[in-house]
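Encoded as structure tokens, the following chain is the form predicted on its own, with no partner shown.
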Amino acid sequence: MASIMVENLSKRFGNFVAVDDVSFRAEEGELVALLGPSGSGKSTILRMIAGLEIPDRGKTYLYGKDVTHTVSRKRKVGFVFQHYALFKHMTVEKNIGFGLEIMKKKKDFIKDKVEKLINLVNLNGYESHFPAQLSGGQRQRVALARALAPEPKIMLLDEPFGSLDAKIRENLANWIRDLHQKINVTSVFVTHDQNEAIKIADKIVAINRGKVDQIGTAKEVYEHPETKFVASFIGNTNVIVGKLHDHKLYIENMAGEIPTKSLKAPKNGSMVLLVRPEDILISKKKTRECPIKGTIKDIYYRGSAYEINILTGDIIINVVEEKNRFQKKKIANNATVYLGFVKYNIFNAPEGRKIIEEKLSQLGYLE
């Protein structure tokens, strides 16, 4: 039995459709990410699961029970907000124990529970500190411990790292993954950060304009995207237009052709390729694997890899290659090189690359 199951959830705010016929499941002990750009409806979905919003249509089930119209406090879910929502006048231990006091638990029980939770979230020595005396990451751990105190069956986290800087986000994301494995509570978290979702989620639900575009593991949605939105939003990508003719793909304004017999694509017509930077080969010589001619325009050192911008025809192709592999090629700016695509996704695109890129940029899928 799924811990969480939502069926055909829909929610409007005036004329704006925030959530449109959304369905998915979270199995027992799963950590599920609702991933999408700002305004895609992720937080509204989470709030409906929590009982903070009532859907216009559809149902929410927790452990098989229909809770669509059950008030939030009776759903036994823990909720962690982006901005901590800690009580400024209360110490760490008082914040964590607040819910238990409201539940009128005995003082000895509260003391013991708070002590265990402080150990769990690694805040020993901070029991008497006030929120203003803590870092952002520490405050978020207090908020998480407070949500865990009543022993909820389900945890819901709304952009839990959104207000933190990049390094703290990364550290806290790793910590959340480790904590989740320890406590094994079914959890759903909202994020617009693809790397965050890929790193810690068991399953990703990609949300696009209030709808579910794809559900799968990080590997499934990254390597086998089912829509242009998923291919563009999850991971960096190159948008390349081509023409299919007799199972050969001719890239717009580029010399060379790419066999496409293995791809499920129409025989002829305009197509758009979405190619990951790491799935592109660079060669100093033209080969069967690298038939597309280009010119190196920019080379950026990225630590363990290099990021290379290559002009082919009238577009820039972004390539990422492992540091040692690229250095051995001894390629400099303005050098002529040849490209090949190891793997790519192909979609019908009668509107052409420029319009595709404009649409994706407007929606925040491409920078």
Partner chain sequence: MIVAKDGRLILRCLSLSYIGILVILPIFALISIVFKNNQAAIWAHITHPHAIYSLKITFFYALCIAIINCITGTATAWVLVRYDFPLKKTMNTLIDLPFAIPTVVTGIMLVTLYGPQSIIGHFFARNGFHIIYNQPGIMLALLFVTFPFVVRAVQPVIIEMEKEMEEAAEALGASPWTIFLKIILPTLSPAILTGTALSFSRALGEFGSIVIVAGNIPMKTQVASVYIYGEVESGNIPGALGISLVLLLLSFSIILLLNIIQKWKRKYEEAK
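So that the term is clear: the rigid core is the largest set of C-alpha atoms that superpose within 1.5 Å between two forms. For clarity, every value in this text was computed on a predicted model and none was experimentally measured. Residue numbers count along the first chain shown, from 1.
This protein has a second form, the form predicted in complex with its partner chain, left out of what is shown; the following refers to that one.
Per-stretch contact check against its partner chain in the predicted bound form, the hit in 180 to 188, 124 to 132, 216 to 224, 277 to 285 (non-hydrogen atom, 4.5 angstroms)
Heavy atoms within 4.5 Å of its partner chain in the predicted bound form occur in 124 to 132.
The single option of I315, L52, I331, I299 touching its partner chain in the predicted bound form, heavy atom within 4.5 Å:
In short, L52.
Only one of K111, K153, H83, H245 comes within 4.5 Å of its partner chain in the predicted bound form by heavy atoms, so just point that one out.
Exactly one residue meets the criterion: H83.
Taking 4.5 angstroms as the cut-off for heavy atoms, does R146 touch its partner chain in the predicted bound form?
R146: contacts its partner chain in the predicted bound form.
Given that its partner chain is not shown alongside this chain, does N119 nevertheless sit within 4.5 Å of it in the predicted bound form, heavy atom to heavy atom?
Heavy-atom contact with its partner chain at 4.5 Å: absent for N119.
Using the partner position in the predicted bound form, report whether K106 sits within 4.5 Å of its partner chain, counting heavy atoms only.
K106: no contact with its partner chain in the predicted bound form.
Interface membership of V77, its partner chain in the predicted bound form, 4.5 Å heavy atom rule:
Yes, V77 lies within 4.5 Å of its partner chain in the predicted bound form.
E159, F161 and K199 all contacting its partner chain in the predicted bound form, non-hydrogen atom within 4.5 Å:
Negative, none of the three is within 4.5 Å.
Hey, which residues along 86 to 124 are within 4.5 angstroms of its partner chain in the predicted bound form, non-hydrogen atoms only?
Residues within 4.5 Å: L86, F87, K88, H89, M90, F98, G99, E101, I102.
Answer yes if the CA of M90 moves 2 Å or more between the shown form and the other one after aligning the rigid core, and no otherwise.
It does shift by 2 Å or more.
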